[in-house]
Every structure is written in structure tokens, then in C-alpha cells.
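First structure 1, then structure 2: two forms of the same chain, each alone, as C-alpha cells.
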Structure 1
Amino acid sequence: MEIIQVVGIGLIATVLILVVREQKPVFAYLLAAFTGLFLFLFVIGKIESVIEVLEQLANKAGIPSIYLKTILKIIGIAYIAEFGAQIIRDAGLESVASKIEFAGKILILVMAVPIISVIVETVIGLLPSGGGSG
């Protein structure tokens, strides 16, 4: 019943933050950030087992390991960027948060480059045999 712990931590943190915010907004923000960090690390441990199972399944299904690796990297980038952006958004710095998200998107796109290059190379390699005569 870990969800109860998670929700409990969240509720306690919320009450504390509400109390503190009037006097010390900075402490309130720090509290929020650390609660977020704690919950994130708490859940990351669980994700590990999910990833392990995924890897096993992919091996069995014959998915090339490079696919899975890339996909997992993408998920990781997405989560971390999202998490950081949210923490910063808590502080009210929407602009910085959106820049972090932007960086995350770019990094995900970078992941796609090798795949695209392979596809394009292959397609171009296809062309001359068909288009050479024409």
C-alpha cells in the first residue's frame, strides 16, 4: 500500500506548505521541491522492475535491443524533463520550465536521427537501381 504513503506525504507536505507560505515563501517552495524529489525517487525504483520485465519481453519477442534502448532513453528524458519543469513551475517560473521542456524535446528528436539516417540511406540506396535507367 505504497500509494497511501505517497498520498500521505503529499498531503502533509501540502498542509505544511500552506502554513509556511505566508511567512516564508522560499521555504514553502523548497518543501515542495523536496517532496517532489522524494516522490520521484520513490517511484523511480519501481520503474526499474518494469524496465527489466520489458527487456525480457523484448528479448523473447525478438525486438532488436537497440530499439528498446532508444525507447527507454526517450522515456527517461521525457520523465526527467517533465519533472524538472514541474518543480520549476511550482516556483512560478513558467519560462524556465518551458525551456527545460524544449530541451527535452530536442534531445528526444536527437534520438531519432540515427534511425532516420539509416532509413534515408537505405531508401537512397534503393533508388539508383530503379531510377538509374530512368
Structure 2
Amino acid sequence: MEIIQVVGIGLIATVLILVVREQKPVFAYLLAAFTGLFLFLFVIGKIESVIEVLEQLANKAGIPSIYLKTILKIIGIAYIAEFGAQIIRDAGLESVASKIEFAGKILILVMAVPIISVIVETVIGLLPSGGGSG
């Protein structure tokens, strides 16, 4: 039950942050940032098993590995951008957090273009050609 550990760490950090915030707001922010980073690193190792399963499924389905890697990179960008934005929000800098999310969305769009083009080409290939002789 790792979620109990995660919630426990979160609760302890929250109490410490609330106590420290009144006297030293910078230390409270650093504690919040380190707690977030610790929790991120705690769960990032769990993703490896998910990636292995996805690779096995992609191999069975005959999907080229470049597409799976691109999708995994897109997911990684989304998670990292969200995590970074949340850390920045904890510091009270909403405008910077919004810009991190915007940059993440642009990077996701750029990485998704090859996959979108393959999907469109596949759909076009499935459509009957319009010979016009009806």
C-alpha cells in the first residue's frame, strides 16, 4: 500500500509547512518543493513496469517502436510540465506556471505531428478513391 506512504508523507509535510510558513516562508516553500520532488521520484520508478507492458503490447500489435517512444515522450512532457507548474504555483507565481503549461502543450503538439500525419495518411488510404465514373 504505497499510497498510504505517499499520503503520510504529504500529511507530515503539510503540517511542517503550516508550522514553518509563519516564521520562514522560504523554508516552507523549499519543504513543499522537496516533498513534491521526493514524491515524484518515489512514483517515477513504478512507470518502468507500465512501459515494459506497453512495449510488449506494441510488439504484439506490430506497431513500430518509434511511435510508442513518441507517445511515451509526449506523456512524459505532460507529466513533467504539470509537475513543474504545480511547484511554481506553490511559490505563488501563477503566470510562470501557466507559461510552463503552455510550453508543454506546444512541445506535445510538435512531437505529435508525425503521429497525426501517419493517422491522416492511413485514413486517406482507407477511403475509396474518387474515380468519378460512379
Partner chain sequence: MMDFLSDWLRNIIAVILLAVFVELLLPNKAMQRYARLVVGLFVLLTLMTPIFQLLQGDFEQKLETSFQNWSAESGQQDLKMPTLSEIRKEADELSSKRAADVEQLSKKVLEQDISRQVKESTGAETMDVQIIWKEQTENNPEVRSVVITLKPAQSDADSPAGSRQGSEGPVQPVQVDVNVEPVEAVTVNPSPDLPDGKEDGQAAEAWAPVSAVLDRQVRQLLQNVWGIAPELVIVRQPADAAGNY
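All residue numbers here refer to structure 1's sequence, counted from 1. If you superpose the two forms and keep the largest set of C-alpha atoms that fall within 1.5 Å, you have the rigid core. Computed from a predicted structure; not experimentally measured.
Between structures 1 and 2, only structure 1 derives from the form predicted together with the partner chain. When the rigid core is held fixed, the Cα atom of E22 travels less than 2 angstroms between structure 1 and structure 2. In the core-superposed comparison between structure 1 and structure 2, L11 has its Cα shifted by less than 2 Å. Core-aligned CA deviation for M111 between structure 1 and structure 2: less than 2 Å. When the rigid core is fitted, V120 shows a C-alpha shift of 8.0 Å between structure 1 and structure 2.
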